[in-house]
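Listed next as structure tokens is one chain, alone, in the form predicted on its own.
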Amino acid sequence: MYRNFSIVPKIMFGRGAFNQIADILNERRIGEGAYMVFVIDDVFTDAPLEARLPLENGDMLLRVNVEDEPKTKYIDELVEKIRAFNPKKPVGVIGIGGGSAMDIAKAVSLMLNNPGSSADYQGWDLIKNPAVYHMAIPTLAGTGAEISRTAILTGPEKKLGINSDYTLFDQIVLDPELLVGVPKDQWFYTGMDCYIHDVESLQGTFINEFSRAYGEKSLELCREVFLGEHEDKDDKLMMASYFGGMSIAYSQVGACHALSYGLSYVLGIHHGIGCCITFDYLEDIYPEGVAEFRRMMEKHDITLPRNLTKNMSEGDLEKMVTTALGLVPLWENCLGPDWRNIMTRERTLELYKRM
């Protein structure tokens, strides 16, 4: 009746926490030839952050490209690259970057211990073997990837996460100093992913006091960050992301995330901006949330892309509809057990055409 909920067991938070990563990893460097794989967004190539990584002899620096959202084929290629680097498994995989980089680290750590392709595990609780020890160091805040049991991947047939308790990180290090210098648009879109998590969780049919407690605090922090003026806004946003991820862990997201998956799968639109584009058309479902979201956009001078689907073929539009409606738990949370009679293919198609 109730899911036995798992959570990231070790969490470090605070400015300068990045400086303690070496101490944490040294506890794992046991045995001859023990090595780490540092999975880092290639935007940091030769940047000061990369130079601060506690690399030791034998460690692998794996720069990953996230211009496109992670694909199962890319995960499989990265796993083979690690095996070619060293036939022995690493004792740890460390993901440094935004949501996509963290999801790549999750997926790679899983696939080092599970046979086949990562596409075989897109779904719920399909992973059989625990992952290699893996740590997250977010440099963006909002996705909740650092705390979620999902590694979101685009496969040959669908966009769907590897959802498993084994996906959860063993350790996360939350250092607000790492958010300094993030471009405004990226900061906003990623932060809005968190805000939308909260709205969808709190207004969903799966809501319970566990999720409500985290969601309400996350929503409060998002309002302080995006509607107020606070010197410690980066600290607040990192905690909002954490609490927002927890709010959906025992409930679910909703219509916005389901529809954004369709945009991403067919058009390759990144998750954060995809959620913002989609949410702006959902005033019928989330009227108060959309109104507040628009105030946040106005305050930060954000303009969303329009007419994305104007020249799309009917076949591609139908593919988007199929992708979105295939996310059954999200729609059940949003609209209840009768959701299929409410969010019909025709209504979903009309929403996409408006975008």
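Since we're looking at a predicted model, the values are computed, not measured. The first residue of the sequence shown is number 1, and the count goes up from there.
The same protein has a further form, the form predicted in complex with a small molecule, not shown here; the description that follows concerns it.
Looking at Ile152, Leu263, Leu78, Ala131 here, can you tell me which has any non-hydrogen atom within 4.5 angstroms of the small molecule in the predicted bound form?
Spelling it out, the residue with a heavy atom inside the cut-off is Ile152.
In the predicted bound form, the residue from Thr72, Gln171, Gln252, Ser148 that sits within 4.5 Å of the small molecule by heavy atoms
In short, Ser148.
Please state whether all three residues Asp198, Ala213 and Gly289 have a non-hydrogen atom within 4.5 angstroms of the small molecule in the predicted bound form.
Zero of three within 4.5 Å in the predicted bound form.
Location of the small molecule contact in the predicted bound form, chosen stretch of 221-229, 190-198, 110-118, 83-91 [non-hydrogen atom, 4.5 Å]:
Stretch with heavy atoms near the partner: 190-198.
Would you check, heavy atoms only and a 4.5 Å threshold, whether Val43 touches the small molecule in the predicted bound form?
Judged by the heavy-atom cut-off of 4.5 Å, Val43 is in contact with the small molecule in the predicted bound form.
Whether Ala258 contacts the small molecule in the predicted bound form should be assessed with a 4.5 Å heavy atom distance threshold; does it?
No.
Is Ser164 close to the small molecule in the predicted bound form, meaning a heavy atom pair under 4.5 Å apart or at it?
Ser164 lies outside the contact set for the small molecule.
Spell out, yes or no, whether the shortest heavy atom distance between Gly99 and the small molecule in the predicted bound form is within 4.5 Å.
Within the cut-off, so yes.
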